[in-house]
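First, one chain by itself in structure tokens, the form predicted alone.
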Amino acid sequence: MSGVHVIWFKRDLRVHDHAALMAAAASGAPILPLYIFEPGYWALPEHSRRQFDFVKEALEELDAALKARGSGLVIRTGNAIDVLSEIHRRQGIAAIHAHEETGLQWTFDRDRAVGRWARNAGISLREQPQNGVQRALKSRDGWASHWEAFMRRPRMVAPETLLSAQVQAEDFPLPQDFGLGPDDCPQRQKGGRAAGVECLRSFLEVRGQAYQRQMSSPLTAADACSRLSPHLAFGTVSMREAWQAAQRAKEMHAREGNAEFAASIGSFISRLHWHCHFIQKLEDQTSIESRNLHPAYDGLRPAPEEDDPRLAAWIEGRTGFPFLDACMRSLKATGWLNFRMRAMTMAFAAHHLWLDWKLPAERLAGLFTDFEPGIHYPHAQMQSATTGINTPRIYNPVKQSRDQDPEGAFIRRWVPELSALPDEWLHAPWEAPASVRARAGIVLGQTYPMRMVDHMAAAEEARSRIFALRRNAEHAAEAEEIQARHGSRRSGIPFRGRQAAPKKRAPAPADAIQLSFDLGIIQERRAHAS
């Protein structure tokens, strides 16, 4: 058989609202849905077993959805060019369809190499935008309106039938094949389209009611936040599907007079804007992954060694700051952390420990099931104050503890060795009288670590060093150029704070979820009311 059209799935693991799949099906040629497990990709330090397991679950559902349409997913393991070359030799590839991917430098380089190979082989490589991020963007002016127009386009429903190229799939590789080791994330979110749709449905119908009030505390955020991030990262749900479903839910809650819920969904919608705003930064400048955005900060902090004990204590939740340690231990067990706590953990490494951000950010990435390069690395630089355009924010880990976990429930869950301490001493156990610590069975330095640094003195030192740089006239000139290239145009993107309430205007079975993304929120509520 010759002239097949390959659909190269990467981080777009769904059949609906999939422009590449639709383009291949429209060609009328036999199609070959392909996913490549690339050893080089999984060897990157940002990638981990928890991400691999999430992807595998998503691929199993994707395979079932494709088979229901007549053409199962073809699994291959190896270098992308080697895999595609072998398929071309055996089947003859007429075209490769894929979504544009904004990822690590490794994936940018891989995609460029595949593009060169395809041109030399006379194969058409047809890439489609996926989430409103624009390739080869010349100016941020008008970006937000373009993004919203992309979100408003009709969602694409997957074709009912696909003409198969009849190529046999290989077995899924094992995580051990890539040196990923044992499963170390017992509370990881499940991958797959069905889980993603249910996650969004439950948020828009029930869990998101108090999103604005409860997103900041790790005590409440795990339920109050959408938890859609890994599904957006690996494309089991498209950004457009999430945006349109949220718009419908916001309107419904407003009509029902639920101003709090409508405002919460409005806040969620603004975060979908910001999600892509940050990814656009990496699309426009891939070096954000590896170099300070503002060169004035080059050499400001020392780069830690791989075996730096400070780095190990921080990533393992042994800093001596109970709330920070609880966040890190929770992240290790669940693969997720809310935004404010992500900011605090990264800022602590950069400011209190005074570590260059690159290695801490790399280590953090592997703990996140929802690792999204275009958010993770710009965020790491923002929290480390190396962008030159964001106001430095140095979180006080004790204040955050008292604000976000006043009764210590989160700390006691994840740092049980401190559970017997009274609330008033739990947030800063070094301040507790020795007799109180003794009654609680705590010996600092033995049963629980001593704090790594004097957080107040370390924060003041970091602040003085950073602001000394920012007062330089050359710093301001460079910052203006960075702002022009990467800064948001506030008139076009809602800011990420609270917004005013707008003016008034049952999970589906898995197979139905694959067939459609109409969540049926309005219809279900009417049925329940009758």
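Numbers for residues come from their place in the sequence shown, where the first is 1. None of these values were measured; they are calculated from a predicted model.
Here the subject shifts to the form predicted in complex with the DNA, a form of this protein not shown in this document.
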Want to guess which of 174 to 182, 302 to 310, 284 to 292, 391 to 399 is within 4.5 Å of the DNA in the predicted bound form, heavy atoms only?
391 to 399
Quick one: is residue 339 in contact with the DNA in the predicted bound form, heavy atoms, 4.5 Å cut-off?
yes
Residue-level question: is residue 358 within 4.5 Å of the DNA in the predicted bound form, judged on heavy atoms?
no
How about residue 434 - does it come within 4.5 Å of the DNA in the predicted bound form, if we only consider non-hydrogen atoms?
no
Could you confirm whether residue 210 comes within 4.5 Å of the DNA in the predicted bound form, counting heavy atoms only?
no
Counting non-hydrogen atoms within 4.5 angstroms of the DNA in the predicted bound form, say which of 88, 140, 329, 271 makes the cut.
271
Position in contact with the DNA when the complex is considered in the predicted bound form, options 206, 438, 259, 456, heavy atoms within 4.5 Å:
456
Within 416 to 453, the residues that have a heavy atom no more than 4.5 Å from the DNA in the predicted bound form:
none
